[in-house]
Structure formats: C-alpha cells, structure tokens
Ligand SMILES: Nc1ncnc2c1ncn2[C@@H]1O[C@H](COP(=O)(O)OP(=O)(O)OP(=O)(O)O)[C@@H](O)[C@H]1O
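Take a look at this single chain in structure tokens; it is the form predicted alone.
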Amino acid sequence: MPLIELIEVGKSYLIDGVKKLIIDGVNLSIARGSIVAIIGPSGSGKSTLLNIIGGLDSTFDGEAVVENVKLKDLSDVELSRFRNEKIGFIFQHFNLLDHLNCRENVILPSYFSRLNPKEIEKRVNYLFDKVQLTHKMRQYPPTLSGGEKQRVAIARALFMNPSVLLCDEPTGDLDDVTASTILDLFLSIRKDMNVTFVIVTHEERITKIADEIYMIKERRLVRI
C-alpha cells in the first residue's frame, strides 16, 4: 500500500479570465520511507503538486490519498489537523519567525496539538541534537547562517513526527558544502525516522539522493 497516491490529478487557474491548465492527468505512487525528487522548470507545476499532496490546495481534479486518507473527504478542521500531525513542510527561504528564538520556532506545531510539556521538551531536545544545533537553541534566526536556519526549519518540520516531509527547493539558498550537509541530514532522518521525502527542485545534486526522479513535462508527470 503506497503512503502517497495521486490519481488523475489536474489543476488549473483562471488568469485574466482565461482558464490555464497547469498539470493534467498526474498519477503518482510513493512508498513509505522513500525519497522522491520532482524536477521541472519554474512555473511547470512542481509547487502545485506539493500543495495538493500537503493538503494546502483542495480545488483540484482527481484524487490525492495520503496515509489511506482521501484529502478531499476531510473538512477544513480535519485537514488542518491532518497537516499538523502527518506532514512537515520545508521551504527554500526557511520561513522562521525572527521574533522567536530557535526553540520557540521548533515547538510552534505543538500549539495546535495536545502534547504535554514533558513530551514537548523530550521532542525538542531530541530534534536539536539530531540537527546538531543544541548550542543554538536560545538564539534568534537573524543570528544564524543559512544552513543553520534550514536545520532549525527541518527540526520544526519534524516536531510532530510526520510521515511525510514536503520540501520546496530546500537547498536553493545554500552553497554547495552546506547543501551537501542538508542532504546528508535528509538521509539520516530517512534512516532513523522512516520519513518519506517529496522534494521539488531544479538542482541536480538533490536527485543524487533520490530513489525515484520525476519530471513535469507538458503538464504530465514522467518518471526518468
């Protein structure tokens, strides 16, 4: 049974009153614990696919199934809870809150959960150790390097023990050495936590760690 399944998924937008088809007839099956890279030029629909898998966009054709749940069957409240518990998001520009210290950024998902303080403390300590930033826990994002910010963002994405990490150009703002460190961290997370990665990118270096690589070509998803 796949962890993620897209069945004949399509998405269009109205642009200046004209309907523009972005993706069409996309079928995708992703096994638990795998790393999948999706490549394609800017505007091809890579981020659109991530938004559909992550439950951020429910106005699409076809079916998106994650953890045996049809996302379209969920109410807005149920979908928000599902995202918080099952899916972590990692972005190119980190999306940390500068007025919160690193620890406060990482535990943000707990505000929408029923975790008790003891469990929160256990998780935050484990994750800062995992990303090797325990010594930066009380610092604020503006004092960190790009690689450190991304590692904090990864810890935040993992806080609720998600099944899936959806990554949108996660190394796009990083130099080669720092990017390699982040990719090594992804492999370690996959091994230790059995997390499934879906990574959209235009960077060849990310495809080197992927189990499967897909390209969006003429609005369709093609395995390469």
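Numbers for residues come from their place in the sequence shown, where the first is 1. Computed from a prediction, not measured in an experiment: that's the story for all the values here.
Unshown form predicted together with this ligand; subsequent notes refer to it.
Using a 4.5 Å cutoff between non-hydrogen atoms, Arg156 does not count as a contact of this ligand in the predicted complex.
Although the partner is absent here, Ile22 lies within 4.5 Å of this ligand in the predicted complex, judged by heavy atoms.
This ligand is not shown here, but in the predicted complex it comes within 4.5 Å of a heavy atom of Ser42. At a distance threshold of 4.5 angstroms between non-hydrogen atoms, Thr171 is out of contact with this ligand in the predicted complex.
Look at 179 to 187, 43 to 51, 58 to 66, 157 to 165: in the predicted complex, residues with non-hydrogen atoms within 4.5 angstroms of this ligand sit in 43 to 51.
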